[in-house]
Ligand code: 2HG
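Below you will find one chain, with nothing else, as structure tokens; this is the form predicted on its own, and questions on how it binds or moves follow later.
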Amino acid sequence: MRPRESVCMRPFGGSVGGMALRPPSAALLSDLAAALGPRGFSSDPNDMKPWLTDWRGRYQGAAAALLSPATAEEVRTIVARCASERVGLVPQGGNTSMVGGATPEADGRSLLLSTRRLNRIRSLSQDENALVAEAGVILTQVHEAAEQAGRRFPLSLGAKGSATVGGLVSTNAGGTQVLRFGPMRSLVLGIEAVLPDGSLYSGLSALRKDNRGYDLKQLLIGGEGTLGIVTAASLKLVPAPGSRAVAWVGIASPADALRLLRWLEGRLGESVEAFELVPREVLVSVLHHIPGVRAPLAELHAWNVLIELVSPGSGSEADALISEALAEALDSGLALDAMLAASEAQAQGLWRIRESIAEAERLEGPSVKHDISVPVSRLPEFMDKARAAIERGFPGTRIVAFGHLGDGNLHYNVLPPEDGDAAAWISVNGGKMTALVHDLVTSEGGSISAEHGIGQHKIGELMRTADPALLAAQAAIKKALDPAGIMNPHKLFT
């Protein structure tokens, strides 16, 4: 596949007209220390150290100071002063980025802005079915607040105990319920954010219809902090389910998994909320590395799906619906075996398998990781083509592909051959492996980043594979809103 023409973005990532970003002056640091107080300002290396390494340990940064504002007005003060002196700001929430998107550069010229003290749930309206949470509120706290009001926020992921609302918004997070409810783009009703000039965009109104031109909210969602700092968001809530059912099903292939999904949707409609694809080798890894996990079925099938279904009816209605549907799927040969959780503890046990995959994979050793998406209809064929191409080009490697079948998002990771130095193999072959996978994804009309963002890790591949018109438009937006390039320098753009 011929690489696309690249579009040079460097003028918009940290300099304009040849004027590079500056390190913070002593006067600026003194002003910020006075404005934020001792809880909001620290230049102590020990205070900053935990927040200067990315979640995967690939990037080590440095910062002149750690800023922890407690109000949107304090964020405005920070941004306005930094804009006046062309000093870079790196916003950070729970520091769970998978692509180094919240880690400052190693030169120490930027300031790290933590949103963790912006931690209030400002309001919850049952009539609006909306909750307003500040950027530092942790996802689990959103779930708990919604549940207390008889509602739920239908987005969940493995890092729910540490991921923050601001980070979820800024990366357009997905998770396990995108099949029905979509990613954060579909769940954010409004945003409050400080823009690169220090102005406050007050867009928290939970309007379902608003046709006043460009949607600034959608530019900030997925913008990775490069266009502004999200300080709060209005989140869409949905009714709490009356009942839920969780099942584990053995199948023969990804193609059968897709057929089963479409068949269940035809029978049960939008009751199907999660449909997670898990191959046998991934299940074996979890069983081996994670204490207390048990195999759901007597036989380890080549492929498996984890299904969650909800129903407005109380009691065992959801169990009855999926039990009848799975019985028909088994009779027709669409499914090979199935286990329906008989209790909440069993349901949590099945989900623990899925949520432990990343930890089990880490214990298996280093791998070349890819967070990709392809059109759902093309996913089974893509998996066959990609496996053949990788086995042909990189003999001895092992493919670990799992994820959200219903929305076409795969975590497509490749383990090095077992008989050698894994880190050395990745150093030599990792880039070529990633280029091969991304070229295959692009040829299918897919994306090289489904839910983790670009950060600093994927900039080169974005430049190489994305549509030049898209890159040029993004660069123009960045230059228009952040002409000094102070917002999260060298993330998303070079």
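On a predicted model such as this, the values are computed, not experimentally measured, just so you know. One rule holds for the numbers: they count along the sequence shown, beginning at 1.
Beyond what is shown, the protein has a form predicted together with (2R)-2-hydroxypentanedioic acid (2HG); the following relates to that form.
- Proximity to (2R)-2-hydroxypentanedioic acid (2HG) in the model of the complex holds for none of 124, 151 and 208, with the criterion being a heavy atom within 4.5 Å.
- Residue-level contacts in the model of the complex: of 179, 98, 187, 82, one residue has a heavy atom within 4.5 Å of (2R)-2-hydroxypentanedioic acid (2HG), and it is 98.
- Between the options 143, 289, 369, 76, the residue in contact with (2R)-2-hydroxypentanedioic acid (2HG) in the model of the complex by a heavy atom within 4.5 angstroms is 369.
- Listed stretches are 459-467, 39-47, 433-441, 446-454; the contact stretch with (2R)-2-hydroxypentanedioic acid (2HG) in the model of the complex is 446-454, by a heavy atom cutoff of 4.5 Å.
- Using a 4.5 Å cutoff between non-hydrogen atoms, residue 110 does not count as a contact of (2R)-2-hydroxypentanedioic acid (2HG) in the model of the complex.
- When contacts are judged by a 4.5 Å heavy atom cut-off, residue 248 does not count as touching (2R)-2-hydroxypentanedioic acid (2HG) in the model of the complex.
- (2R)-2-hydroxypentanedioic acid (2HG) in the model of the complex is not approached by residue 373, whose heavy atoms all lie more than 4.5 angstroms from it.
- Contact check for residue 217: no non-hydrogen atom falls within 4.5 Å of (2R)-2-hydroxypentanedioic acid (2HG) in the model of the complex.
- In the model of the complex, the residues of 407-423 lying within 4.5 Å of (2R)-2-hydroxypentanedioic acid (2HG) by at least one heavy atom are, in order, 411, 413.
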